[in-house]
Ligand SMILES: Cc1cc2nc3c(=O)[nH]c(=O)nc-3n(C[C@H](O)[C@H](O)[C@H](O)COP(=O)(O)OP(=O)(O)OC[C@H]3O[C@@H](n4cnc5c(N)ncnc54)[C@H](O)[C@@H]3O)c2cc1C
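As structure tokens, one chain now follows by itself in the form predicted on its own.
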Amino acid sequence: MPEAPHVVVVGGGVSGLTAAHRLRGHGAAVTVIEAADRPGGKLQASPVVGARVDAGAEAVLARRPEAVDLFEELGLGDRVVHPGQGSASLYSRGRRRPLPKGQLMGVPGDLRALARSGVLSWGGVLRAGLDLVRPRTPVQGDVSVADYIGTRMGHQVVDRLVEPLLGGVYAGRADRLSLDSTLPQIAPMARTERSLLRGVRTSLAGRGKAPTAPGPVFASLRGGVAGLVETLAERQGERLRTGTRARALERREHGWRVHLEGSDPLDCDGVLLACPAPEAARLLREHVPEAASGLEGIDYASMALVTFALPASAFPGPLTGTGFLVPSGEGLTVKAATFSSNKWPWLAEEVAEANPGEDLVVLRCSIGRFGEHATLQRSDDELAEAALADLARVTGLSGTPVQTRVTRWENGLPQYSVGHADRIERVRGAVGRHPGLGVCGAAYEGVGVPACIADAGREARRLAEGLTAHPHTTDATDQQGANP
């Protein structure tokens, strides 16, 4: 009876661990190697005043089924939680203002609601309204978010609404981000509707007929989204090797050899690269130069998350809402703040249980947009000080934190620049011509957790279906070793 094919997955983040889980489901033996000393990638959590608080993504889009379905599949269904009451706001023109109703990813579909929100000046509202009378804007191929939406509705809509919302996902700039890849809800309107505002209004009016799951928009796990990768890592067991970096790939007659830094090589039938684009490009350069060239063209943004635990009495009154977004022109260092204790009732409960007699709140501040190198060169203490100053300006905060945690994600967010979809199609086409080779991760089809899970599942299935079960040149079990 032939042995199960052996696949080496390079990268132990959510994409790599999900791919390994799916590959095992397809009957493969899987080894995951992760260069860092711990798995999970950008999904990490650590204690803040006695409660586990995510240090990376804190929620998944629940209206895409992949993440929530995987929670259930892994037995985590009883830990699924949803945000509490309240909504996010925008700090625009000197104060917090409600996000206008009737908008889709910041693109307005209701001029009256836009005017009432106060996010734009009256001149900005009038300029947005010109979209209703302007002739159609022809769109040939992919264009930047700023080019199209700015032409239709003016720069204030781009700068004060669209870019802050995109910034939470990509930490990118609207003049560089791809309309097709970052705003797939809006891009079809650019090609079919004369008025973007009417297109948004029509889309929102028909949303009840859209193929999206009912219920809350976002979901998380009690104890943090990081619980997902922790569970996947446990399922992988000893075949997850941390502190192990792939040095090179070698094509062999019947499969691949993965050369490791400081360890013996791994012989396998297939290799799935679930690592960031620069690392994948390095490993592919010799065998698939076209794919390597495409991946080298993907820029990355760095960011930092500053988490505070503060006495509730440090604020002039109760915090309301779930946080706020900040346009880049407001003179603040932070681009967003999440009132975590408000957003996640389970977290408020755990903080209260761990700190009886104290009334503490937890907040997270996000810092860093694409190209803001100088900002992130500040020390942790300087970033925390800047974030506190911004919170004081926006909320009236006047107290001292009980605990501060600064987490940095160097080159953590891939930038989906104009032409991204075509670039990825070329990369995957080139990789697909090499049997037993695949790529997946945040750099390809979406940066959110559900998108990464979906991409990993598709590529794992494609790779498994393409592998033929045959005896290995070296038994996979003998090569595992212990985690370094």
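Keep in mind the model is a prediction, meaning the values are calculated, not measured. Don't overthink the numbering: it's just position in the shown sequence, from 1.
The next section is about a form of this same protein that is not shown, the form predicted together with this ligand.
In terms of non-hydrogen atoms within 4.5 angstroms, which of the given stretches 431 to 439, 22 to 30, 418 to 426, 38 to 46 touches this ligand in the predicted bound form? Every other range fails; the passing one is 38 to 46.
Taking this ligand as it sits in the predicted bound form, is C275 near enough to touch it, meaning that at least one heavy atom pair lies within 4.5 angstroms? Looking in the predicted bound form, residue contacts with this ligand include C275, since a heavy atom lies within 4.5 Å.
With the partner left out here, check for me: in the predicted bound form, does some heavy atom of L463 sit within 4.5 Å of this ligand? Judged by the heavy-atom cut-off of 4.5 Å, L463 is well away from this ligand in the predicted bound form.
Contact of P65 with this ligand in the predicted bound form (heavy atom, 4.5 Å): No, P65 stays farther than 4.5 Å from this ligand in the predicted bound form.
In the predicted bound form, does E279 come within 4.5 Å of this ligand, counting heavy atoms only? Flag for E279 set to yes.
Please identify the residue among S341, Q156, T307, T244 with any heavy atom within 4.5 Å of this ligand in the predicted bound form. Here the answer is residue option T244.
This ligand isn't shown here, but in the predicted bound form which of A337, L120, M303, I298 has a heavy atom within 4.5 Å of it? Looking at the other structure, the residue within range turns out to be M303.
Going through 436 to 459 from first to last, which residues have a non-hydrogen atom within 4.5 Å of this ligand in the predicted bound form? If the 4.5 Å heavy-atom criterion is applied to this ligand in the predicted bound form, 436 to 459 yields G441, A442, V447, G448, V449, P450, C452.
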